[in-house]
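So this first bit is one chain, no partners, the form predicted alone, shown in structure tokens.
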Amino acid sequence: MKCVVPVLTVLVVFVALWYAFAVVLNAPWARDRAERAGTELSFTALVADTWAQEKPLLPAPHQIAAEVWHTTAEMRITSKRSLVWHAWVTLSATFAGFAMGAALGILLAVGIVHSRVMDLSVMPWIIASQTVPILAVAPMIIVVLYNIGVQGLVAKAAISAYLSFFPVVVGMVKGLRSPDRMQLDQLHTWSASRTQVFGKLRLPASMPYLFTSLKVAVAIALVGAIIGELPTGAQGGFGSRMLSGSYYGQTLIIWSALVGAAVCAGALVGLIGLVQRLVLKRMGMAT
């Protein structure tokens, strides 16, 4: 209960500020329309108008909620106007990219920890790769893959993998190096091989770090899938939905896609958290 009250307080303040900004940003259009019609809006009428415009600059929360409900509960999920259908298109690329990025990140981390050469040569390039803006890289990746016959889901998944492998590498390297010198020396006194040290000590110790990085990676993978839909002219997905809303000035479509993406990201992070609790409990590292 002590945690619920502060969270609800922040939520109420946030929603109130949102409604206030909706009035401020949508008021010029309402006044302009009233002036052309030769009428004068009272404050109450102005507020009501700004919260009910068809193409508002900033939709009110209840308008976004109504749009989300309309495109999820009131439409068949196989319809290309359904937000659920668009969510699946984006999530399919997210899952593929996340799997590729996580696998690549773990393999690189294992190599970096066990090879001084990789640590000194590969790690700096991994860090440098993340300094390039993804909006600049994404079109180049799409074009290169298209020229070699790779497009669609795989192309979007490649961008997700490009973004999601980095936190996995960093987190896994930190985790594999987390055992202290005393633990390592103890295994060496037992004549443990490098493989045994990895399987019995380094890998179990890295699990909390791995799952933490996976939570970041899966959210970034979703962002990568959405970005991958922008330069490809995809016919489905949250990115396509946002582009469609932008082309036709339908801000409600844009915001409903943003809400859908946020819900999906939260669900994916929560799923990773559930797997984390189960795995760590099974390993005796959590209660």
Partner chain sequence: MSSQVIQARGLDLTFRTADGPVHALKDVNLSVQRGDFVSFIGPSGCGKTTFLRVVADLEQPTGGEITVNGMSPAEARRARAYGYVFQAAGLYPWRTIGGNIRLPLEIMGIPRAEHAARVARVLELVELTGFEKKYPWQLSGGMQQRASIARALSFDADILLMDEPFGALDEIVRDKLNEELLGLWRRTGKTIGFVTHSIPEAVYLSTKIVVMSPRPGRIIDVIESDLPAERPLDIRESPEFLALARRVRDGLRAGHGYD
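Residue numbers count along the first chain shown, from 1. Remember, it's a predicted structure, so these values are computed and weren't measured experimentally.
The form predicted in complex with the partner chain exists for this protein as well; it is not shown, and the discussion that follows is about that form.
- Taking the partner from elsewhere, residue 146 is found to have every heavy atom lying beyond 4.5 Å of the partner chain in the predicted complex.
- Proximity of residue 204 to the partner chain in the predicted complex falls within the 4.5 Å heavy atom cutoff.
- For the chain shown alone, residue 125 is not a contact residue for the partner chain in the predicted complex, no non-hydrogen atom being within 4.5 angstroms.
- Contact check for residue 192: a heavy atom falls within 4.5 Å of the partner chain in the predicted complex.
- This chain is displayed alone, yet in the predicted complex one of 187, 100, 153, 170 has a heavy atom within 4.5 Å of the partner chain; that residue is 187.
- None of 115, 196, 78, 121 but one reaches within 4.5 angstroms of the partner chain in the predicted complex through a heavy atom, and that residue is 196.
- Of the stretches 155-163, 175-183, 209-217, 91-99, only 175-183 has residues with a heavy atom within 4.5 Å of the partner chain in the predicted complex.
- Residues from 269-284 that approach the partner chain in the predicted complex with a non-hydrogen atom closer than or equal to 4.5 Å are 282, 283, 284, in the order they occur in the chain.
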